Ligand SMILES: Cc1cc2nc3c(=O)[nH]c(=O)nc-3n(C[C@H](O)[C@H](O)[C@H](O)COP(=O)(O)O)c2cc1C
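Below you will find one chain, with nothing else, as structure tokens; this is the form predicted alone, and questions on how it binds or moves follow later.
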Amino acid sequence: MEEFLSAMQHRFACKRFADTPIPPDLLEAILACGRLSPSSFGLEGWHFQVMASSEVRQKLFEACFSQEPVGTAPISIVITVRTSHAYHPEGAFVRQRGERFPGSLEDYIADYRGYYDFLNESGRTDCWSRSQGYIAAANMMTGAASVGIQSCAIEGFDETQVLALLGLDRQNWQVALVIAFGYPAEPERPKIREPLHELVSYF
């Protein structure tokens, strides 16, 4: 727990990165932090798009309104998530995911259907799908910090441009988040947080 909290304590929103590559084994470990993240009903509705080449990173930089972290990071990861129609209980995606679990697929679908109906009827399915990507993002960012790699989460981007860069259909995919990763080229900034007693209530 101390090591985990230390990684969180020293993680900061890095705005300028050094021109130092991230070793492939550490990049794979960061991606594994995303893959191992929890997702609702184990659906894993995300896909991690690694933007590595200088040409692709330049185009992403422009699609992110020329924000410095994206422009200087040696790697950016775009977390894309599926749009609402992929989550229909009878759809191929849900069935493929459900078949992996113990028990029958019919039981999995029956258990999932009520939650899907709730999301669908309240118009929250796309928002819910996007929020799943944030869970993976948090784990990747903390995992990176544990080995001295900093990050910056980017929510300011032209989604149409990013999806076009990735060759993805807007009907099927949405962008949850862009995360710049790299070794920092600026000092760590102090962590500014409210004290725990201001943020927690017990019932």
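Start at 1 with the first residue shown and count on from there. On a predicted model such as this, the values are computed, not experimentally measured, just so you know.
Form predicted in complex with the ligand: not shown, discussed below.
Look at 25-33, 163-171, 47-55, 150-158: in the model of the complex, residues with non-hydrogen atoms within 4.5 angstroms of the ligand sit in 150-158.
The single contact residue among Ser40, Gln67, Ser146, Ser37, judged by any heavy atom lying within 4.5 Å of the ligand in the model of the complex, is Gln67. Using a 4.5 angstroms limit between non-hydrogen atoms, Phe61 is distant from the ligand in the model of the complex. At the 4.5 Å threshold, heavy atoms of Phe12 reach the ligand in the model of the complex. Contact check for Leu177: a non-hydrogen atom falls within 4.5 Å of the ligand in the model of the complex. Using a 4.5 Å cut-off to the ligand in the model of the complex, each of Tyr134, Arg189 and Arg193 places a heavy atom inside that distance.
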